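To begin, one chain is listed below as structure tokens, in the form predicted on its own.
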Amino acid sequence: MNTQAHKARTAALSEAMKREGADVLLLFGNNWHADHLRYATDFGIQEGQGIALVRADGATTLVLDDPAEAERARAETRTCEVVFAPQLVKEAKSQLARAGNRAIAAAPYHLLPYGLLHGEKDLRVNDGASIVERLLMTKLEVEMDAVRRAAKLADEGYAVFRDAARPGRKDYELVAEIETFFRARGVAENFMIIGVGGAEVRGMAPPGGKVLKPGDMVTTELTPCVDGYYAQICRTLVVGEASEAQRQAFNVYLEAMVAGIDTVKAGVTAAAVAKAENDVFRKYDLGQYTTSEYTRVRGHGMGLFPDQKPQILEDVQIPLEAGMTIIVHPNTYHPVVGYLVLGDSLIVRENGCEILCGTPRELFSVQ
């Protein structure tokens, strides 16, 4: 638990609620969409669903529908009241009713349980995205420090990954070494996917038992969490000597990543960063591989969740702001060599960015 960061977030959340005229803020979360809940409670939910009710004075109640999660929350957080309620919606409505006729805002609005938005004519819940989303995207200094520390561990983790990658090993053995390394350093959460092979590999996934063999490209993204904050690194290595085709393909990805990172500064849009990356692929007649058929995003925000707004895509017009923590990664399929990844975490600054990853930007080769 990062007490300093939580206090800073609580103050920022209270100010945002006052600006928007919200008396009560209802935040929903589960093990996939956990960042809204974590912002207010400093609790990372792993099972079931949860709702945090934040009052204007900062008092917070965390309602959880899983008994083990409620027990863990009471042990791990002292920042809020914890209530176990198998009927989550009923308990949340009861809590809101006790709050009286107040202005209620909720986020993420599109994920709220149906029963919270319907069936109670006196319960008016408004979309609270304007209160929370900017806070999640644009970090306070204490939050940026946690992301920096997570990025440093990501670098160290990738060094362990390279050492673990040897012919004959299975992909899950590499993942096990990384998890052991991170756990020994107090990292309780790490989002990691992996790809092993050649032109047949179209992306990354959890390990499935593939055996590393000479000539394979091995891709991964490591996303360790430090004090609730994630940072990510994406790199590709080759088992044995890289082929000329692999080296030529990698150079395209390197040029694209540099073009994207060089575009980053406060005021430019996420779309401009994505276009800078994609234009490099178009220059080499690889533009079709920047589409949703072959890739998801060209980067994304990070923080209390591994994959936050803004998504780095050409149709996302969100302006970057100083203090945003994002990763730029032109990860996609290459028709000759297969799926290839390369990405660095960074902090947006007024006139550029602060690069957080120190691992060399190269196509690694392991013997």
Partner chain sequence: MRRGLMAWDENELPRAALEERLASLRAQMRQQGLDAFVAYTNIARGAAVCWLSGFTPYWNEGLYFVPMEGEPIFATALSKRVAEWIGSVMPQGAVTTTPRPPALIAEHIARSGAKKIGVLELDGFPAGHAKVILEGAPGVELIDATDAFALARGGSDTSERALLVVADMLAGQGLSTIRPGQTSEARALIAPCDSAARLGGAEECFTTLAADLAQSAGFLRTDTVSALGETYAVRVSLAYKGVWTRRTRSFANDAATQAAFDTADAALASFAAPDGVPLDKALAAHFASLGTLANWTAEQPRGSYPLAPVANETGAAEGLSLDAPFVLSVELSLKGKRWIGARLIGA
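Predicted model, so just to flag it, every value in this text is computed and none were measured. Positions refer to the first chain, counted from 1.
The next section is about a form of this same protein that is not shown, the form predicted in complex with the partner chain.
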Q: Would you kindly say which of 137, 258, 107, 192 lies with a heavy atom within 4.5 Å of the partner chain in the predicted bound form?
A: 192
Q) Of the residues 282, 149, 102, 296, which one places a heavy atom within 4.5 Å of the partner chain in the predicted bound form? A) 296
(Q) Heavy atoms within 4.5 Å of the partner chain in the predicted bound form: which stretch in 139-147, 107-115, 238-246, 261-269 meets that? (A) 107-115
Q) Is there any non-hydrogen atom of residue 197 lying within 4.5 Å of the partner chain in the predicted bound form? A) no
Q) Any of the heavy atoms of residue 89 lying within 4.5 Å of the partner chain in the predicted bound form? A) yes
Q) Is there a heavy atom of residue 322 no more than 4.5 Å from a heavy atom of the partner chain in the predicted bound form? A) no
Q.
Can you work out whether residue 185 and the partner chain are in contact in the predicted bound form, taking contact to mean some heavy atom pair no more than 4.5 Å apart?
A. yes
(Q) in the predicted bound form, does each of 72, 176 and 207 have a heavy atom within 4.5 Å of the partner chain? (A) yes
(Q) Heavy atom within 4.5 Å of the partner chain in the predicted bound form: which residues of 27-63 meet that condition, in order? (A) 30, 31, 32, 38, 44, 46, 47, 48, 49
